[in-house]
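Take a look at this single chain in structure tokens; it is the form predicted alone.
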């Protein structure tokens, strides 16, 4: 049987990139890059399990708990549970658990949220002020562009689903090691989307019978060590596996003018308002085509695709 594999591209790494160089040489390219040698503050050495437990104490946190390493947001193969932060951190650092919800080798994942998830964004300075003092966030954007700072903790072996965000962000790996696989926005036809997420859960051993086009997606890959910062441009799909227990911080900022974003979006993953309106209009157009016989529906749908390509595709992008 013919073996099919995706083309693989290594995400480039750059050392000691200043704000000026990032904005001049890196940011305009709109491609992921690993930034090394950044000044992040004492967090990279201080944030041990013991220190985290003491610094954040017994504050209750809502976490994802999964009996399997590959978490799937579409099928919801995990449960939400609440634990005191210090208990959660120690459990997340374990391989086998004496106390557990689902199984002795269950995986844990914390994605910090605002105090009122419907109104407030995640901000480490508000949710974990003691820990925030240890972090020096690379402010390679204007202060008014800042959207959120998301504190994350993952068990070793945990793999998150492939998805995209609508804002630019820095993934700051504070402790532990991660593998990150990314796909260009241009490869969206091959990723079998459901909303902002790909249906292809196992990207390392994909079912090409079920997802035959997935092989055409070009795979960008990197490994993040403690102290590394990955720039993920908006709309770049990413799949993250924690090879070790680790702590990370995502910093999101608004690449577009503020009025382009959905004001009710506290996660940074709702499509821009103009895109949402366009998709709604398209859905209504497709519903209208259902009034025609199949032969006519096919013909006019193809014409619509050609018109979209002619009017909206950008040839020099990506």
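All of these numbers come straight from a predicted model, not from anything done at the bench. Positions refer to the first chain, counted from 1.
Just so you know, the form predicted in complex with a small molecule exists too; it's not on screen, but the next bit is about it.
Of the residues given (165, 228, 187, 123), 165 alone sits with a heavy atom within 4.5 Å of the small molecule in the predicted bound form. A heavy atom within 4.5 Å of the small molecule in the predicted bound form is found for one listed residue only; from 223, 109, 211, 101, this is 109.
With respect to the small molecule in the predicted bound form, the three residues 152, 171 and 238 uniformly fall within 4.5 angstroms at the level of their nearest heavy atom.
Shown alone here, residue 160 lies within 4.5 Å of the small molecule in the predicted bound form, counting heavy atoms only. Taking the partner from elsewhere, residue 250 is found to have a heavy atom lying within 4.5 Å of the small molecule in the predicted bound form. Contact annotation for residue 197: none of its heavy atoms lies within 4.5 Å of the small molecule in the predicted bound form. At the 4.5 Å threshold, heavy atoms of residue 91 stay clear of the small molecule in the predicted bound form, well away from it. For the small molecule in the predicted bound form, the listed stretch (211-219, 171-179, 127-135, 114-122) containing residues with heavy atoms inside 4.5 Å is 171-179.
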